[in-house]
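Given as structure tokens, the chain that follows is alone and in the form predicted alone.
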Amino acid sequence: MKDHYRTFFGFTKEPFATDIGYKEILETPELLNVKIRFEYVPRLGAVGVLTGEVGSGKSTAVRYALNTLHPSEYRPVYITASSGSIMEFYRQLKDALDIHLSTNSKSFMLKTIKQEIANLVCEKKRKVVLVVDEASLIRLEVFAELHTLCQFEQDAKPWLPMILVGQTLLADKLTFRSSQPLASRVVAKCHLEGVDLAEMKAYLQHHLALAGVDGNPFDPTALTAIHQGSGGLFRKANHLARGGLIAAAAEQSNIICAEHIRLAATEIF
């Protein structure tokens, strides 16, 4: 699609983009709740869980929270989970820790990973925080073993706090009996839902300002259509808002109405 809508509305950069700096992220009450839990979990060396529907802002919340951790004190380790085996999980973790190791031994790989974590904590005085995104993809048999990563010196040292991030299914998987050793370490949970109409209006206005537009070209019917069409979820709201801008610019209209959002909705799922 042509980007003439940016010129038409006077945007200085792409509106409703995802690649914004963490200081540009809108601080909502939900975001601050995630931040509080990110501070609490590492302090205890425990496990935290963040769930939400697709497009609810989980990854953005994680990025925001991670950037508030002081880089000289913390060593965040971020991996995106898969539906693979525990060995695949260990391979991802060793790569994230910059461990160069080639082995088919699960026990040796686990030992090496834990040695590196102990070294970071004891020798380099860095607090490690493991963030596992898309954790709802993890198999139950992997959940059954993950708690062993957190055990140091007969489980006396809380050196590897873990944040699990995923869709609502993640919370369901943690209720299985085989997941209890890991679930018993959870000290904080947070669930992101769709925002209300007022919060959606503030979100859209914030992103318009980031892209260089002070006014709000969305009329009340468009705002309602975006909120209802997205279910209050930010990712889909971004697509609808941008699509509405494109549809309005094609008609040379300075105001986006519900009909423009309806047209945008035909282009997305």
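Residues carry their position along the shown sequence, with the first being 1. Since the model is a prediction, treat every value here as computed from it, not as a measurement.
Below: the form predicted together with a small molecule, not depicted.
**Q** Using a 4.5 Å heavy atom cut-off, state whether Glu134 contacts the small molecule in the model of the complex.
**A** Looking in the model of the complex, residue contacts with the small molecule include Glu134, since a heavy atom lies within 4.5 Å.
**Q** Does His207 make contact with the small molecule in the model of the complex, using a 4.5 Å heavy atom cut-off?
**A** Yes, His207 sits close enough to the small molecule in the model of the complex that at least one of its heavy atoms falls within 4.5 Å.
**Q** Taking the small molecule as it sits in the model of the complex, is Ser230 near enough to touch it, meaning that at least one heavy atom pair lies within 4.5 angstroms?
**A** Result no; Ser230 lies far from the small molecule in the model of the complex.
**Q** Can you tell me if Arg37 lies within 4.5 angstroms of the small molecule in the model of the complex, counting non-hydrogen atoms only?
**A** Judged by the heavy-atom cut-off of 4.5 Å, Arg37 is well away from the small molecule in the model of the complex.
**Q** On the criterion of a non-hydrogen atom at 4.5 angstroms or closer, are Leu146, Gln151 and Ala156 all touching the small molecule in the model of the complex?
**A** No, the candidate spot makes no contact with the small molecule.
**Q** Quick one: from Ser59, Asn216, Asn67, Asn33, grab the residue that has a heavy atom within 4.5 Å of the small molecule in the model of the complex.
**A** Checking each option against the small molecule in the model of the complex, the one that comes within 4.5 Å is Ser59.
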